[in-house]
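Next up is one chain by itself, shown in structure tokens, the form predicted on its own.
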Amino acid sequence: MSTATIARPRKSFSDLPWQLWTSQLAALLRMEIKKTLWMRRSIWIYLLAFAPTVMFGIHALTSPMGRNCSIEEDTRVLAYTFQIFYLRVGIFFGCMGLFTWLFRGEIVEKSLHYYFLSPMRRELLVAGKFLAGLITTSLIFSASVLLCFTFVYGHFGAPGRAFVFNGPGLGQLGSYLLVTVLACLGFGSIFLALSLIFKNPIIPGIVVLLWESFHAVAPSLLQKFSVTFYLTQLSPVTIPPDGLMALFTVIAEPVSPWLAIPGLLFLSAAILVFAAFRIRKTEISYLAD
């Protein structure tokens, strides 16, 4: 007498519970965005993000109608502020503080087990928390960049409006906002993954900071594993290296936006896939924290 083996039909793509996952993700996003936008720990991120707006606001008040300055000079100052402060300091440390706290904060507050006990896939939890952090940081820093741009060209009056609406101004603004969101995407994915690997992600974050700051001295192939490499390629105003860094900078082949954006998206997606696999093996131990 032989026993027949009953083969279970494999689920197709359409059989997956997309409606359930979508509703769970939407509920998680509403809760996490509210938490990250208004938590006390976010106050220093707001201060960090809007610090340049104070500088440009004072400049606009003290230089009405472009007195003692020019559109070309202010455009260059805005480009330096964006690439030096926003990309290498503001957005970097803002994402470090927010994205590392998404899971580490739950462990510190002893609430992560509630998520793990809920009927939700852990990969979906990673996606929801990451999207909440991305939306929060993108809103904060994009608003700051928009205010800086408004102050820079608003105090010139008619020439400033002509530069924005009849010249390259709107295109540059769009590029600044796009790079801001992509910076939050790239740095956010890195710090989210680091928070799932290390109990204290500060030291690995310093390593990432050193790499992102001095990646230009590495061979051109290794530079492509840097988030800043793609962001500087997409910035609307090019800033040439100067000083001591210019002596050691390895000039990599320029990457077109059609390759830079997919390259950064692929790099961030690979990091998030790793984070999704990592959280499946994560075990909660509040005693160690």
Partner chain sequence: MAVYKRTYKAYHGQLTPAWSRFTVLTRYGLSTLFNSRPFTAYTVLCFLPFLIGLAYIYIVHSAAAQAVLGVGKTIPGTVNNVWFLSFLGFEAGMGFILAAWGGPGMITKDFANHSVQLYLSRPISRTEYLLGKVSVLAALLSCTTWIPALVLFFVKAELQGNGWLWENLWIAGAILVGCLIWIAMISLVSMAVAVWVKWRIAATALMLGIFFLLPALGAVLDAILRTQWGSLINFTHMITIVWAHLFRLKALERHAAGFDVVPLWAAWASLLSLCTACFWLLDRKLRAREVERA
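Source: prediction; values computed, not measured. Numbering follows the first chain given and starts at 1.
The discussion below concerns the form predicted together with the partner chain, not included here.
Here the chain stands alone, but in the model of the complex its contact with the partner chain, taken as any heavy atom within 4.5 Å, falls in 193-201 among 127-135, 161-169, 179-187, 193-201. Contact annotation: of the candidates Val217, Val89, Leu173, Ala143, the single residue with a non-hydrogen atom within 4.5 angstroms of the partner chain in the model of the complex is Val89. Interface residue among Ile58, Ile239, Met65, Leu221 relative to the partner chain in the model of the complex, by the heavy atom within 4.5 Å criterion: Ile58.
Although the partner is absent here, Thr150 sits far enough away that none of its heavy atoms falls within 4.5 Å of the partner chain in the model of the complex. Taking non-hydrogen atoms only, Val77 approaches the partner chain to within 4.5 angstroms in the model of the complex.
By the criterion of a heavy atom within 4.5 Å, Ala51 is counted among the residues contacting the partner chain in the model of the complex. Contact between Leu209 and the partner chain in the model of the complex is found at the 4.5 Å heavy atom cutoff.
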